[in-house]
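The chain below stands alone and is given in structure tokens; this is the form predicted alone.
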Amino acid sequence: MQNSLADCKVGEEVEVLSIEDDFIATKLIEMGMTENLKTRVVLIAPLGDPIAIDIKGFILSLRKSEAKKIRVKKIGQN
């Protein structure tokens, strides 16, 4: 089942399927977020924005509006 990264909860592990916005895709790819990347949500601010994920030991903070454009599959689910 596909979700957006914005729908995930702290501690959930996900696999990145696609980035739907070409403008932010270029920036995210340069920072290590590629398709098939397995990552984990490490923090969501109290009001839900921003969201922080772990990319191979690098913590990347994303706006919720950006996270909504990233399609992910939760690991451990079919």
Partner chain sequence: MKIALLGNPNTGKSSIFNLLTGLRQHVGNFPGVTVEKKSGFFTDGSQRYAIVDFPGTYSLDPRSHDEEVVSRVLRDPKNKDYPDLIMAVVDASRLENNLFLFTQLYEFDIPIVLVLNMWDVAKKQGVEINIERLKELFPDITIVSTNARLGLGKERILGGLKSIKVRKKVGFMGNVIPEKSDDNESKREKAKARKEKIETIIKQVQTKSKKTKESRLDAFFVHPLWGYSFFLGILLVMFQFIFSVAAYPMNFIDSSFGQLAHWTRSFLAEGVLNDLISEGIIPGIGGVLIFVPQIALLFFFIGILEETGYLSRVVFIMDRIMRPLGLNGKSVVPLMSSLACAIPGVMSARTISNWKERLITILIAPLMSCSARIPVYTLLIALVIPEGYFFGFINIQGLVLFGLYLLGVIGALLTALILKLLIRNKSKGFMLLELPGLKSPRWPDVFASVIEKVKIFIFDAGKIIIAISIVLWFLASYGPGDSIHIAKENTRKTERYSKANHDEKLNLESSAGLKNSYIGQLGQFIEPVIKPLGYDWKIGISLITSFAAREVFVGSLSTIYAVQEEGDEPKKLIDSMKKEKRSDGILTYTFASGMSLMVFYVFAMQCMSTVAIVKRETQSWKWPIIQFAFMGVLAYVFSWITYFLLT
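None of these values were measured; they are calculated from a predicted model. Positions refer to the first chain, counted from 1.
Keep in mind that the form predicted in complex with the partner chain is missing from the display, and what follows is about it.
With the partner left out here, check for me: in the model of the complex, does some heavy atom of residue 15 sit within 4.5 Å of the partner chain?
No, no contact at 4.5 Å.
Looking in the model of the complex, any heavy atom of residue 68 within 4.5 Å of the partner chain?
Residue 68 lies outside the contact set for the partner chain.
Does the partner chain get within 4.5 angstroms of any non-hydrogen atom of residue 27 in the model of the complex?
Taking the distances in the model of the complex, the answer for residue 27 is yes, it comes within 4.5 Å of the partner chain.
So, residue 56 and the partner chain: in the model of the complex, are they within 4.5 Å at any heavy atom pair?
Residue 56 belongs to the contact set for the partner chain.
Going through 26-52 from first to last, which residues have a non-hydrogen atom within 4.5 Å of the partner chain in the model of the complex?
Heavy-atom contacts within 4.5 Å come from 26, 27, 28, 29, 30, 31, 32, 34, 35, 40, 42, 43, 44, 45, 46, 47, 49, 50, 51, 52.
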